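Just one chain is shown here, as structure tokens, and it is the form predicted alone.
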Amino acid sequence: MTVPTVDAATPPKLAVENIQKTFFKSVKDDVVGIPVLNGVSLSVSQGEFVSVIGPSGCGKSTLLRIIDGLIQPEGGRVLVDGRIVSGPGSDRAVVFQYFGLYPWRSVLRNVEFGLELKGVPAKERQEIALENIAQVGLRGFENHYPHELSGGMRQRVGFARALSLDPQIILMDEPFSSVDEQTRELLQEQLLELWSATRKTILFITHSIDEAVYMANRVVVMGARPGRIVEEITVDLPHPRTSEVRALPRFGEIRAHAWEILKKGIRESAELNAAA
């Protein structure tokens, strides 16, 4: 596996600067603000694979949606190649936890969907879709429907759909959490192979510390709500990331360190919920 190199001297591909986000809800006759993100700053270099972990409710998914432009922050900004993000764009694509496939569309038609929205001619979008279906290992399933596929296969359709748009940045929101453990490990290996082959920049949200350490160049740990980044951990493990990597002492050291940080955040989150 050829690992994309990261040039620290170049400006970041993705820059998240001091993001602030509050959600509001009605309580009796009043409107109460719930701070979700508090001053989140993060940079991701071209070709880097960064995992984000944190306690439930710390704003990981909200941060991902702000980066994609689906939600606007109250403060701070997101930049891609130095350009401010003001909404969704073709330079970013999201792979969601629950596949997001249209049940009435075949695999081919699901992968073509984003290209249709962009107005790509039918022949061209079919060629692009077929190429990416093959790349994720689903050749022969082009005319199948989502209900005819396993969970892992449906998630690979989601990969193919994201890749078909040829985004510069792929944002992944717990993409493997709804599949069984064996399928999860296979999808992890396939994603790392795709990352190596395409040199995309990936920001990967997960609840699994093992997955975060195994997949990434860097693990970003968020603290309890309101979410903020409490530590960034460099993952100095060898590539390719085979199953043997998980047995290395260094893997255990990084995992243990990440867990200690995360455990503190979980305790803080529990205390906040108890006081609410």
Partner chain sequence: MTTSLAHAAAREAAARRYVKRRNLAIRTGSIALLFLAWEIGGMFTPRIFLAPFHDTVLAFWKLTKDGTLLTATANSLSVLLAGLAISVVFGALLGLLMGRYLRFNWMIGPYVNGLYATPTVALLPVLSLWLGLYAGPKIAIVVLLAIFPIIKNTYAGVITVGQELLEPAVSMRASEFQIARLVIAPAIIPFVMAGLRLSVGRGIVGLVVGEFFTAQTGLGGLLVRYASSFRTAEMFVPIIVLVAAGYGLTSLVVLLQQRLAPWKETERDQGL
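Bear in mind that the values here come from a model prediction, so they are computed numbers and not experimental data. Numbering follows the first chain given and starts at 1.
Just so it is clear, the following notes concern the form predicted in complex with its partner chain, a form of the same protein that is not shown.
Novice: From the candidate stretches 86-94, 134-142, 181-189, 194-202, select the single one in contact with its partner chain in the predicted complex, where contact means a heavy atom within 4.5 Å.
Specialist: Of the options, only 86-94 has residues within 4.5 Å of the partner.
Novice: Val80: heavy atom within 4.5 Å of its partner chain in the predicted complex?
Specialist: Outside the cut-off, so no.
Novice: I'd like to check something about Arg161: if you look in the predicted complex, is any of its heavy atoms closer than or equal to 4.5 Å to a heavy atom of its partner chain?
Specialist: Although its partner chain is absent here, Arg161 would touch it in the predicted complex, with heavy atoms inside 4.5 Å.
Novice: Leu70 versus its partner chain, in the predicted complex: is there a non-hydrogen atom within 4.5 Å?
Specialist: The answer is yes: Leu70 has a heavy atom within 4.5 Å of its partner chain.
Novice: Would you please decide whether Gly100 lies within 4.5 angstroms of its partner chain in the predicted complex, comparing each non-hydrogen atom pair?
Specialist: Contact check for Gly100: yes, within 4.5 Å of its partner chain in the predicted complex.
Novice: Only one of Arg65, Arg246, Arg218, Arg228 gets a heavy atom within 4.5 Å of its partner chain in the predicted complex. Which one?
Specialist: Contact with its partner chain in the predicted complex is made by Arg65 alone.
Novice: Judged by heavy atom distances of 4.5 Å or less, which residues of 140-169 approach its partner chain in the predicted complex?
Specialist: His147, Arg161, Leu165, in sequence order.
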